[in-house]
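One protein chain, two forms: both are listed below as C-alpha coordinates, the first as structure 1 and the second as structure 2.
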Structure 1
(Lines of atoms letter the chains of each structure in order from A and count residues from 1; the text may use other names and numbers.)
(Lines give C-alpha, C1' and ligand atoms only; values in the text may rest on other atoms or scores of the structure.)
Protein backbone atom coordinates (compact mmCIF):
# COMPACT_ATOMS: atom_id res chain seq x y z
CA UNK A 1 0.00 0.00 0.00
CA UNK A 2 2.86 2.31 0.79
CA UNK A 3 4.20 1.84 -2.69
CA UNK A 4 0.95 2.79 -4.41
CA UNK A 5 0.62 5.84 -2.19
CA UNK A 6 4.04 6.97 -3.22
CA UNK A 7 3.20 6.45 -6.88
CA UNK A 8 0.02 8.45 -6.85
CA UNK A 9 1.83 11.25 -5.03
CA UNK A 10 4.28 11.61 -7.87
CA UNK A 11 3.29 14.20 -10.50
CA UNK A 12 1.83 12.12 -13.29
CA UNK A 13 2.45 13.06 -16.88
CA UNK A 14 -0.73 14.37 -18.50
CA UNK A 15 -0.97 11.56 -20.98
CA UNK A 16 -4.71 11.09 -21.11
CA UNK A 17 -5.68 13.05 -24.25
CA UNK A 18 -2.61 12.31 -26.37
CA UNK A 19 -1.62 8.78 -25.56
CA UNK A 20 2.07 8.09 -26.18
CA UNK A 21 2.72 6.17 -29.40
CA UNK A 22 3.97 3.03 -27.74
CA UNK A 23 1.34 2.92 -25.01
CA UNK A 24 -1.47 3.46 -27.48
CA UNK A 25 -0.10 0.76 -29.79
CA UNK A 26 -0.06 -1.66 -26.86
CA UNK A 27 -3.62 -0.80 -25.85
CA UNK A 28 -4.80 -1.24 -29.43
CA UNK A 29 -3.13 -4.64 -29.50
CA UNK A 30 -4.88 -5.71 -26.30
CA UNK A 31 -8.23 -4.49 -27.60
CA UNK A 32 -7.72 -6.50 -30.77
CA UNK A 33 -6.79 -9.56 -28.70
CA UNK A 34 -9.84 -9.11 -26.44
CA UNK A 35 -12.08 -8.77 -29.46
CA UNK A 36 -10.73 -12.00 -31.00
CA UNK A 37 -11.12 -13.80 -27.66
CA UNK A 38 -14.72 -12.60 -27.43
CA UNK A 39 -15.53 -13.81 -30.95
CA UNK A 40 -13.92 -17.21 -30.26
CA UNK A 41 -15.82 -17.57 -27.00
CA UNK A 42 -19.12 -16.56 -28.60
CA UNK A 43 -18.49 -18.93 -31.50
CA UNK A 44 -17.71 -21.83 -29.24
CA UNK A 45 -20.73 -21.03 -27.06
CA UNK A 46 -23.00 -20.90 -30.09
CA UNK A 47 -21.56 -24.14 -31.40
CA UNK A 48 -22.23 -25.96 -28.13
CA UNK A 49 -25.67 -24.46 -27.60
CA UNK A 50 -27.09 -26.71 -30.32
CA UNK A 51 -29.21 -23.83 -31.68
CA UNK A 52 -28.03 -24.45 -35.23
CA UNK A 53 -28.69 -27.43 -37.40
CA UNK A 54 -25.82 -29.88 -37.70
CA UNK A 55 -22.37 -28.40 -38.22
CA UNK A 56 -23.26 -24.89 -39.46
CA UNK A 57 -21.26 -23.50 -36.55
CA UNK A 58 -18.63 -26.21 -35.93
CA UNK A 59 -16.63 -26.10 -32.74
CA UNK A 60 -13.23 -24.39 -32.84
CA UNK A 61 -11.52 -27.65 -31.97
CA UNK A 62 -12.97 -29.38 -35.03
CA UNK A 63 -11.87 -26.45 -37.23
CA UNK A 64 -8.33 -26.64 -35.89
CA UNK A 65 -8.35 -30.40 -36.44
CA UNK A 66 -9.65 -29.92 -40.02
CA UNK A 67 -6.91 -27.34 -40.59
CA UNK A 68 -4.31 -29.89 -39.51
CA UNK A 69 -5.70 -32.46 -41.93
CA UNK A 70 -5.92 -29.87 -44.73
CA UNK A 71 -2.33 -28.73 -44.39
CA UNK A 72 -0.94 -32.21 -44.95
CA UNK A 73 -3.38 -33.07 -47.74
CA UNK A 74 -1.69 -32.98 -51.18
CA UNK A 75 -5.07 -32.08 -52.75
CA UNK A 76 -4.99 -28.74 -50.91
CA UNK A 77 -1.48 -27.96 -52.12
CA UNK A 78 -2.16 -28.88 -55.75
CA UNK A 79 -5.23 -26.65 -55.81
CA UNK A 80 -3.40 -23.87 -54.01
CA UNK A 81 -0.67 -24.06 -56.64
CA UNK A 82 -3.22 -23.80 -59.45
CA UNK A 83 -4.83 -20.71 -57.90
CA UNK A 84 -1.44 -19.18 -57.15
CA UNK A 85 -0.30 -19.62 -60.75
CA UNK A 86 -3.58 -18.26 -62.08
CA UNK A 87 -3.30 -15.13 -59.91
CA UNK A 88 0.40 -14.68 -60.73
CA UNK A 89 -0.25 -15.01 -64.48
CA UNK A 90 -3.23 -12.62 -64.28
CA UNK A 91 -1.18 -10.10 -62.39
CA UNK A 92 1.78 -10.36 -64.78
CA UNK A 93 -0.39 -9.88 -67.88
CA UNK A 94 -2.58 -7.21 -66.28
CA UNK A 95 0.44 -5.29 -64.95
CA UNK A 96 2.28 -5.35 -68.26
CA UNK A 97 -0.71 -4.16 -70.28
CA UNK A 98 -1.76 -1.77 -67.52
CA UNK A 99 1.63 -0.07 -67.21
CA UNK A 100 1.94 0.35 -70.99
CA UNK A 101 -1.62 1.67 -71.32
CA UNK A 102 -1.17 3.93 -68.29
CA UNK A 103 2.03 5.45 -69.68
CA UNK A 104 0.49 6.04 -73.11
CA UNK A 105 -2.64 7.62 -71.62
CA UNK A 106 -0.68 9.59 -69.02
CA UNK A 107 1.74 10.98 -71.60
CA UNK A 108 -0.87 11.95 -74.16
CA UNK A 109 -3.59 14.35 -73.11
CA UNK A 110 -5.60 13.73 -76.27
CA UNK A 111 -5.66 9.94 -75.91
CA UNK A 112 -6.49 10.32 -72.23
CA UNK A 113 -9.45 12.54 -73.02
CA UNK A 114 -10.61 10.07 -75.66
CA UNK A 115 -10.32 6.87 -73.62
CA UNK A 116 -10.61 7.88 -69.99
CA UNK A 117 -14.44 7.53 -69.94
CA UNK A 118 -14.19 3.91 -71.09
CA UNK A 119 -11.72 3.04 -68.39
CA UNK A 120 -13.65 4.85 -65.67
CA UNK A 121 -16.99 3.32 -66.64
CA UNK A 122 -15.65 -0.16 -67.25
CA UNK A 123 -13.42 -0.39 -64.21
CA UNK A 124 -16.21 -0.63 -61.58
CA UNK A 125 -18.17 -3.18 -63.67
CA UNK A 126 -18.05 -6.58 -61.94
CA UNK A 127 -15.75 -8.63 -64.14
CA UNK A 128 -17.51 -11.85 -63.21
CA UNK A 129 -20.37 -11.02 -65.60
CA UNK A 130 -17.87 -11.55 -68.43
CA UNK A 131 -17.06 -15.03 -67.15
CA UNK A 132 -19.44 -16.87 -69.55
CA UNK A 133 -17.70 -15.18 -72.47
CA UNK A 134 -14.26 -16.09 -71.11
CA UNK A 135 -15.41 -19.71 -70.76
CA UNK A 136 -16.46 -19.72 -74.39
CA UNK A 137 -13.19 -18.17 -75.53
CA UNK A 138 -10.74 -19.92 -73.23
CA UNK A 139 -12.49 -23.03 -71.89
CA UNK A 140 -13.18 -24.15 -68.29
CA UNK A 141 -9.49 -24.59 -67.43
CA UNK A 142 -7.14 -22.04 -65.86
CA UNK A 143 -7.01 -19.89 -69.03
CA UNK A 144 -10.47 -18.40 -68.53
CA UNK A 145 -9.62 -17.50 -64.91
CA UNK A 146 -6.33 -15.93 -65.97
CA UNK A 147 -8.07 -13.88 -68.65
CA UNK A 148 -10.65 -12.60 -66.19
CA UNK A 149 -8.07 -11.93 -63.48
CA UNK A 150 -5.80 -10.10 -65.93
CA UNK A 151 -8.73 -7.92 -66.96
CA UNK A 152 -9.37 -6.93 -63.32
CA UNK A 153 -5.73 -6.24 -62.57
CA UNK A 154 -5.36 -4.27 -65.80
CA UNK A 155 -7.80 -1.51 -64.82
CA UNK A 156 -6.29 -0.91 -61.40
CA UNK A 157 -2.74 -0.76 -62.77
CA UNK A 158 -3.61 1.34 -65.84
CA UNK A 159 -5.54 3.93 -63.82
CA UNK A 160 -2.92 4.41 -61.14
CA UNK A 161 -0.06 4.45 -63.68
CA UNK A 162 -1.82 7.15 -65.72
CA UNK A 163 -2.48 9.16 -62.56
CA UNK A 164 1.15 8.72 -61.44
CA UNK A 165 2.37 9.87 -64.82
CA UNK A 166 0.32 13.04 -64.66
CA UNK A 167 1.29 13.78 -61.07
CA UNK A 168 5.02 13.85 -61.75
CA UNK A 169 6.42 17.12 -60.51
CA UNK A 170 6.94 19.20 -63.67
CA UNK A 171 10.02 20.84 -62.18
CA UNK A 172 11.87 17.49 -62.21
CA UNK A 173 11.19 17.18 -65.91
CA UNK A 174 12.55 20.70 -66.47
CA UNK A 175 15.67 19.75 -64.47
CA UNK A 176 16.14 16.73 -66.73
CA UNK A 177 15.74 18.87 -69.84
CA UNK A 178 18.12 21.53 -68.54
CA UNK A 179 20.80 18.85 -68.12
CA UNK A 180 19.99 17.68 -71.65
CA UNK A 181 18.85 14.20 -70.68
CA UNK A 182 18.04 11.97 -73.66
CA UNK A 183 14.54 10.50 -74.08
CA UNK A 184 15.75 7.19 -72.69
CA UNK A 185 17.44 8.90 -69.72
CA UNK A 186 14.27 10.90 -69.03
CA UNK A 187 12.27 7.65 -68.98
CA UNK A 188 14.64 5.59 -66.84
CA UNK A 189 16.05 8.24 -64.49
CA UNK A 190 13.06 10.54 -63.97
CA UNK A 191 9.71 9.09 -65.04
CA UNK A 192 10.19 5.52 -63.78
CA UNK A 193 11.55 6.34 -60.31
CA UNK A 194 8.98 9.10 -59.88
CA UNK A 195 6.19 6.68 -60.77
CA UNK A 196 7.40 3.72 -58.76
CA UNK A 197 5.05 4.28 -55.82
CA UNK A 198 1.81 4.83 -57.78
CA UNK A 199 2.60 1.85 -60.02
CA UNK A 200 3.28 -0.42 -57.03
CA UNK A 201 0.06 0.80 -55.41
CA UNK A 202 -1.76 -0.06 -58.63
CA UNK A 203 -0.21 -3.54 -58.61
CA UNK A 204 -1.33 -4.01 -55.02
CA UNK A 205 -4.90 -3.03 -55.86
CA UNK A 206 -4.70 -5.13 -59.02
CA UNK A 207 -3.56 -8.16 -57.04
CA UNK A 208 -6.49 -7.75 -54.67
CA UNK A 209 -9.04 -7.71 -57.47
CA UNK A 210 -7.24 -10.50 -59.33
CA UNK A 211 -7.45 -12.77 -56.26
CA UNK A 212 -11.15 -11.96 -55.83
CA UNK A 213 -11.96 -12.51 -59.49
CA UNK A 214 -9.96 -15.73 -59.86
CA UNK A 215 -11.45 -17.31 -56.73
CA UNK A 216 -14.95 -16.20 -57.67
CA UNK A 217 -14.55 -17.67 -61.14
CA UNK A 218 -13.24 -20.93 -59.69
CA UNK A 219 -16.30 -21.27 -57.48
CA UNK A 220 -18.56 -20.77 -60.51
CA UNK A 221 -17.16 -23.21 -63.01
CA UNK A 222 -13.86 -25.05 -62.83
CA UNK A 223 -12.20 -28.36 -62.12
CA UNK A 224 -9.27 -27.18 -59.98
CA UNK A 225 -8.12 -24.34 -57.71
CA UNK A 226 -8.99 -23.19 -54.20
CA UNK A 227 -12.41 -21.85 -55.26
CA UNK A 228 -13.20 -25.24 -56.75
CA UNK A 229 -12.02 -26.96 -53.57
CA UNK A 230 -14.20 -24.69 -51.43
CA UNK A 231 -17.26 -25.63 -53.49
CA UNK A 232 -16.32 -29.33 -53.31
CA UNK A 233 -16.07 -29.18 -49.55
CA UNK A 234 -19.33 -27.24 -49.38
CA UNK A 235 -21.24 -29.87 -51.40
CA UNK A 236 -19.96 -32.50 -48.95
CA UNK A 237 -21.17 -30.16 -46.20
CA UNK A 238 -17.81 -30.57 -44.48
CA UNK A 239 -18.11 -27.38 -42.46
CA UNK A 240 -14.91 -27.61 -40.37
CA UNK A 241 -12.81 -28.05 -43.54
CA UNK A 242 -14.73 -25.25 -45.25
CA UNK A 243 -13.88 -22.85 -42.42
CA UNK A 244 -10.27 -24.06 -42.38
CA UNK A 245 -10.07 -23.32 -46.12
CA UNK A 246 -11.54 -19.85 -45.70
CA UNK A 247 -8.99 -19.08 -42.98
CA UNK A 248 -6.19 -20.29 -45.26
CA UNK A 249 -7.43 -18.04 -48.09
CA UNK A 250 -7.60 -15.03 -45.71
CA UNK A 251 -4.06 -15.71 -44.55
CA UNK A 252 -2.67 -16.04 -48.08
CA UNK A 253 -4.41 -12.89 -49.36
CA UNK A 254 -3.29 -10.92 -46.30
CA UNK A 255 0.30 -12.13 -46.59
CA UNK A 256 0.65 -11.28 -50.29
CA UNK A 257 -0.84 -7.85 -49.68
CA UNK A 258 1.62 -7.24 -46.84
CA UNK A 259 4.49 -8.35 -49.09
CA UNK A 260 3.74 -5.74 -51.74
CA UNK A 261 3.07 -3.16 -49.03
CA UNK A 262 6.56 -3.75 -47.70
CA UNK A 263 8.06 -3.37 -51.18
CA UNK A 264 6.35 0.02 -51.46
CA UNK A 265 7.60 1.21 -48.09
CA UNK A 266 11.16 0.13 -48.92
Structure 2
Protein backbone atom coordinates (compact mmCIF):
# COMPACT_ATOMS: atom_id res chain seq x y z
CA UNK A 1 0.00 0.00 0.00
CA UNK A 2 2.79 2.39 0.89
CA UNK A 3 4.51 1.64 -2.36
CA UNK A 4 1.28 2.19 -4.20
CA UNK A 5 0.73 5.52 -2.48
CA UNK A 6 4.30 6.54 -3.21
CA UNK A 7 3.86 5.70 -6.87
CA UNK A 8 0.60 7.63 -7.11
CA UNK A 9 2.22 10.61 -5.44
CA UNK A 10 4.89 10.97 -8.09
CA UNK A 11 4.43 14.12 -10.15
CA UNK A 12 3.30 13.51 -13.69
CA UNK A 13 5.56 14.81 -16.45
CA UNK A 14 4.36 18.10 -17.78
CA UNK A 15 3.86 18.18 -21.54
CA UNK A 16 5.91 20.77 -23.37
CA UNK A 17 3.81 23.74 -24.44
CA UNK A 18 2.89 23.67 -28.08
CA UNK A 19 3.88 26.80 -29.91
CA UNK A 20 0.89 28.65 -31.32
CA UNK A 21 0.39 29.12 -35.03
CA UNK A 22 1.15 32.85 -34.94
CA UNK A 23 4.26 32.39 -32.80
CA UNK A 24 5.47 29.57 -35.03
CA UNK A 25 4.97 31.66 -38.17
CA UNK A 26 6.84 34.56 -36.55
CA UNK A 27 9.74 32.29 -35.56
CA UNK A 28 9.91 30.84 -39.07
CA UNK A 29 9.94 34.37 -40.51
CA UNK A 30 12.82 35.44 -38.28
CA UNK A 31 14.70 32.24 -39.11
CA UNK A 32 14.36 33.03 -42.84
CA UNK A 33 15.64 36.54 -42.19
CA UNK A 34 18.60 35.16 -40.24
CA UNK A 35 19.46 32.71 -43.04
CA UNK A 36 19.21 35.48 -45.66
CA UNK A 37 21.41 37.76 -43.56
CA UNK A 38 23.99 34.98 -43.17
CA UNK A 39 24.03 34.30 -46.92
CA UNK A 40 24.41 38.02 -47.72
CA UNK A 41 27.19 38.43 -45.16
CA UNK A 42 29.01 35.35 -46.46
CA UNK A 43 28.67 36.56 -50.05
CA UNK A 44 30.01 40.00 -49.20
CA UNK A 45 32.86 38.43 -47.25
CA UNK A 46 33.83 36.27 -50.23
CA UNK A 47 33.61 39.29 -52.51
CA UNK A 48 36.01 41.28 -50.34
CA UNK A 49 38.35 38.38 -49.58
CA UNK A 50 40.09 38.45 -52.96
CA UNK A 51 39.97 34.66 -53.26
CA UNK A 52 38.28 34.80 -56.65
CA UNK A 53 39.58 36.23 -59.90
CA UNK A 54 38.18 39.59 -60.99
CA UNK A 55 34.49 39.98 -60.12
CA UNK A 56 33.46 36.34 -60.21
CA UNK A 57 31.79 37.09 -56.86
CA UNK A 58 30.85 40.78 -57.15
CA UNK A 59 29.79 42.82 -54.17
CA UNK A 60 26.13 43.10 -53.25
CA UNK A 61 26.24 46.84 -53.90
CA UNK A 62 27.37 46.30 -57.50
CA UNK A 63 24.64 43.67 -58.01
CA UNK A 64 21.96 46.00 -56.64
CA UNK A 65 23.26 48.80 -58.86
CA UNK A 66 23.18 46.46 -61.88
CA UNK A 67 19.65 45.42 -60.96
CA UNK A 68 18.53 49.04 -60.97
CA UNK A 69 20.06 49.59 -64.41
CA UNK A 70 18.51 46.35 -65.66
CA UNK A 71 14.98 47.23 -64.54
CA UNK A 72 14.97 50.47 -66.54
CA UNK A 73 16.56 48.93 -69.63
CA UNK A 74 14.01 48.34 -72.46
CA UNK A 75 16.17 45.48 -73.77
CA UNK A 76 15.51 43.50 -70.59
CA UNK A 77 11.75 43.95 -70.81
CA UNK A 78 11.72 43.05 -74.51
CA UNK A 79 13.57 39.80 -73.89
CA UNK A 80 11.48 39.09 -70.79
CA UNK A 81 8.33 39.41 -72.90
CA UNK A 82 9.68 36.90 -75.42
CA UNK A 83 10.55 34.34 -72.74
CA UNK A 84 7.25 34.89 -70.94
CA UNK A 85 5.23 34.27 -74.11
CA UNK A 86 7.26 31.15 -74.95
CA UNK A 87 6.86 29.70 -71.45
CA UNK A 88 3.15 30.60 -71.30
CA UNK A 89 2.49 28.97 -74.67
CA UNK A 90 4.54 25.92 -73.66
CA UNK A 91 2.68 25.54 -70.39
CA UNK A 92 -0.74 26.01 -72.03
CA UNK A 93 -0.07 23.37 -74.71
CA UNK A 94 1.63 20.96 -72.33
CA UNK A 95 -1.15 21.33 -69.74
CA UNK A 96 -3.92 20.76 -72.27
CA UNK A 97 -2.27 17.65 -73.72
CA UNK A 98 -1.27 16.40 -70.27
CA UNK A 99 -4.73 16.79 -68.74
CA UNK A 100 -6.42 15.06 -71.69
CA UNK A 101 -3.87 12.23 -71.63
CA UNK A 102 -4.11 11.85 -67.86
CA UNK A 103 -7.91 11.68 -67.93
CA UNK A 104 -7.91 9.12 -70.73
CA UNK A 105 -5.32 6.91 -69.01
CA UNK A 106 -6.90 7.30 -65.59
CA UNK A 107 -10.37 6.48 -66.81
CA UNK A 108 -9.38 3.36 -68.74
CA UNK A 109 -7.42 0.63 -66.94
CA UNK A 110 -6.42 -1.10 -70.17
CA UNK A 111 -4.97 2.08 -71.70
CA UNK A 112 -3.30 2.93 -68.40
CA UNK A 113 -1.51 -0.42 -68.26
CA UNK A 114 -0.56 -0.19 -71.93
CA UNK A 115 0.74 3.39 -72.20
CA UNK A 116 1.45 4.86 -68.75
CA UNK A 117 4.81 3.05 -68.47
CA UNK A 118 6.00 4.92 -71.57
CA UNK A 119 5.17 8.27 -69.98
CA UNK A 120 6.62 7.21 -66.65
CA UNK A 121 9.97 6.05 -68.02
CA UNK A 122 10.36 8.82 -70.60
CA UNK A 123 9.57 11.53 -68.05
CA UNK A 124 13.11 11.81 -66.55
CA UNK A 125 14.72 12.12 -70.00
CA UNK A 126 16.39 15.54 -70.45
CA UNK A 127 14.30 17.25 -73.10
CA UNK A 128 17.14 19.51 -74.20
CA UNK A 129 18.68 16.61 -76.14
CA UNK A 130 15.64 16.75 -78.43
CA UNK A 131 16.28 20.40 -79.29
CA UNK A 132 18.04 19.61 -82.63
CA UNK A 133 14.98 17.61 -83.69
CA UNK A 134 12.66 20.44 -82.68
CA UNK A 135 14.77 22.84 -84.73
CA UNK A 136 14.45 20.61 -87.79
CA UNK A 137 10.70 20.31 -87.30
CA UNK A 138 9.80 23.86 -86.24
CA UNK A 139 12.77 26.03 -87.27
CA UNK A 140 15.08 28.22 -85.23
CA UNK A 141 12.36 30.67 -84.12
CA UNK A 142 10.19 30.62 -81.00
CA UNK A 143 8.20 27.61 -82.24
CA UNK A 144 11.01 25.15 -81.47
CA UNK A 145 11.37 26.53 -77.92
CA UNK A 146 7.61 26.35 -77.36
CA UNK A 147 7.46 22.76 -78.64
CA UNK A 148 10.32 21.71 -76.39
CA UNK A 149 8.82 23.49 -73.38
CA UNK A 150 5.39 21.95 -74.03
CA UNK A 151 6.98 18.50 -74.16
CA UNK A 152 8.66 19.17 -70.81
CA UNK A 153 5.43 20.30 -69.16
CA UNK A 154 3.38 17.48 -70.67
CA UNK A 155 4.94 14.63 -68.68
CA UNK A 156 4.49 16.23 -65.25
CA UNK A 157 0.88 17.20 -65.92
CA UNK A 158 -0.06 13.85 -67.49
CA UNK A 159 1.37 11.75 -64.66
CA UNK A 160 -0.16 13.96 -61.97
CA UNK A 161 -3.56 13.98 -63.67
CA UNK A 162 -3.55 10.20 -64.13
CA UNK A 163 -2.70 9.75 -60.44
CA UNK A 164 -5.49 12.16 -59.51
CA UNK A 165 -7.98 10.24 -61.63
CA UNK A 166 -7.27 7.09 -59.64
CA UNK A 167 -8.02 8.93 -56.39
CA UNK A 168 -11.51 10.11 -57.38
CA UNK A 169 -14.32 8.67 -55.29
CA UNK A 170 -16.04 6.01 -57.40
CA UNK A 171 -19.39 7.14 -56.06
CA UNK A 172 -19.02 10.44 -57.93
CA UNK A 173 -18.28 8.58 -61.14
CA UNK A 174 -21.29 6.29 -60.71
CA UNK A 175 -23.54 9.28 -60.03
CA UNK A 176 -22.37 10.96 -63.22
CA UNK A 177 -22.96 7.83 -65.25
CA UNK A 178 -26.38 7.30 -63.69
CA UNK A 179 -27.37 10.73 -64.98
CA UNK A 180 -26.06 9.71 -68.42
CA UNK A 181 -23.46 12.46 -68.45
CA UNK A 182 -21.45 12.77 -71.64
CA UNK A 183 -17.68 12.36 -71.66
CA UNK A 184 -17.26 16.13 -71.79
CA UNK A 185 -19.62 16.59 -68.84
CA UNK A 186 -17.85 13.85 -66.88
CA UNK A 187 -14.50 15.55 -67.50
CA UNK A 188 -15.62 19.10 -66.69
CA UNK A 189 -18.21 18.45 -63.95
CA UNK A 190 -16.71 15.47 -62.09
CA UNK A 191 -13.11 14.65 -63.01
CA UNK A 192 -11.47 18.08 -63.02
CA UNK A 193 -13.22 19.49 -59.90
CA UNK A 194 -12.45 16.30 -57.97
CA UNK A 195 -8.75 16.34 -58.83
CA UNK A 196 -8.03 20.05 -58.67
CA UNK A 197 -5.02 19.67 -56.37
CA UNK A 198 -3.20 16.94 -58.37
CA UNK A 199 -3.72 18.86 -61.61
CA UNK A 200 -2.44 22.11 -60.12
CA UNK A 201 0.55 20.30 -58.62
CA UNK A 202 1.27 18.88 -62.07
CA UNK A 203 1.01 22.36 -63.58
CA UNK A 204 3.40 23.68 -60.94
CA UNK A 205 5.96 21.00 -61.77
CA UNK A 206 5.36 21.44 -65.50
CA UNK A 207 5.89 25.18 -65.24
CA UNK A 208 9.26 24.67 -63.57
CA UNK A 209 10.47 22.25 -66.23
CA UNK A 210 9.09 24.46 -69.02
CA UNK A 211 10.98 27.50 -67.70
CA UNK A 212 14.22 25.53 -67.42
CA UNK A 213 13.86 24.00 -70.88
CA UNK A 214 12.94 27.26 -72.64
CA UNK A 215 15.83 29.14 -71.02
CA UNK A 216 18.28 26.37 -71.93
CA UNK A 217 17.02 26.38 -75.51
CA UNK A 218 17.42 30.16 -75.68
CA UNK A 219 21.03 29.88 -74.55
CA UNK A 220 21.77 27.35 -77.32
CA UNK A 221 20.23 28.97 -80.39
CA UNK A 222 18.30 32.21 -80.21
CA UNK A 223 18.58 35.93 -80.80
CA UNK A 224 16.03 36.96 -78.18
CA UNK A 225 14.79 35.93 -74.76
CA UNK A 226 16.26 35.92 -71.27
CA UNK A 227 18.45 32.91 -72.04
CA UNK A 228 19.95 34.75 -75.00
CA UNK A 229 20.42 37.89 -72.88
CA UNK A 230 22.16 35.90 -70.14
CA UNK A 231 24.65 34.50 -72.65
CA UNK A 232 25.31 37.97 -74.11
CA UNK A 233 26.04 39.36 -70.65
CA UNK A 234 28.25 36.37 -69.87
CA UNK A 235 30.35 36.85 -73.00
CA UNK A 236 31.03 40.43 -71.84
CA UNK A 237 31.97 39.07 -68.39
CA UNK A 238 29.59 41.57 -66.82
CA UNK A 239 29.15 39.55 -63.65
CA UNK A 240 27.01 42.04 -61.65
CA UNK A 241 24.48 42.19 -64.48
CA UNK A 242 24.63 38.42 -64.88
CA UNK A 243 23.76 37.88 -61.23
CA UNK A 244 21.06 40.54 -61.46
CA UNK A 245 19.52 38.66 -64.39
CA UNK A 246 19.63 35.37 -62.48
CA UNK A 247 17.96 36.98 -59.47
CA UNK A 248 15.24 38.38 -61.74
CA UNK A 249 14.61 34.91 -63.22
CA UNK A 250 14.46 33.35 -59.74
CA UNK A 251 12.06 36.04 -58.55
CA UNK A 252 9.71 35.61 -61.53
CA UNK A 253 9.72 31.81 -61.22
CA UNK A 254 9.17 32.03 -57.47
CA UNK A 255 6.27 34.46 -57.86
CA UNK A 256 4.62 32.20 -60.46
CA UNK A 257 5.07 29.19 -58.20
CA UNK A 258 3.56 31.11 -55.28
CA UNK A 259 0.48 32.01 -57.35
CA UNK A 260 -0.16 28.37 -58.21
CA UNK A 261 0.46 27.38 -54.58
CA UNK A 262 -2.12 29.91 -53.47
CA UNK A 263 -4.63 28.49 -55.95
CA UNK A 264 -4.00 25.02 -54.47
CA UNK A 265 -4.68 26.22 -50.92
CA UNK A 266 -7.91 28.01 -51.85
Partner chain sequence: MTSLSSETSLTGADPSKPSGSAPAMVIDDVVKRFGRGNDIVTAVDHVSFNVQQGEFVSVIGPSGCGKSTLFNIIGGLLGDYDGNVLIGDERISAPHPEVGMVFQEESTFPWRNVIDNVAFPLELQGVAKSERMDRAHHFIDMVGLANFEKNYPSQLSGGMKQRVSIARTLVSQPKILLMDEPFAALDEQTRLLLGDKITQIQQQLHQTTLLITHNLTEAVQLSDRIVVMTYRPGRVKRIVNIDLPRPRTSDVVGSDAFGHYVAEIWNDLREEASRGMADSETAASRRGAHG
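We call the rigid core whatever largest set of C-alpha positions still superposes within 1.5 Å between the two forms. Numbering follows the first chain given and starts at 1. Predicted model only: the values in this text are computed from it and were never measured.
Structure 2, rather than structure 1, originates from the form predicted on its own. With the core held fixed between structures 1 and 2, residue 69 has its Cα displaced by under 2 Å. When two forms of a protein are overlaid on their rigid core, residues whose CA moves 2 Å or more are considered shifted, and residue 185 is one of them between structures 1 and 2. After superposition on the rigid core, displacement of the C-alpha of residue 29 between structures 1 and 2 amounts to 2 Å or more.
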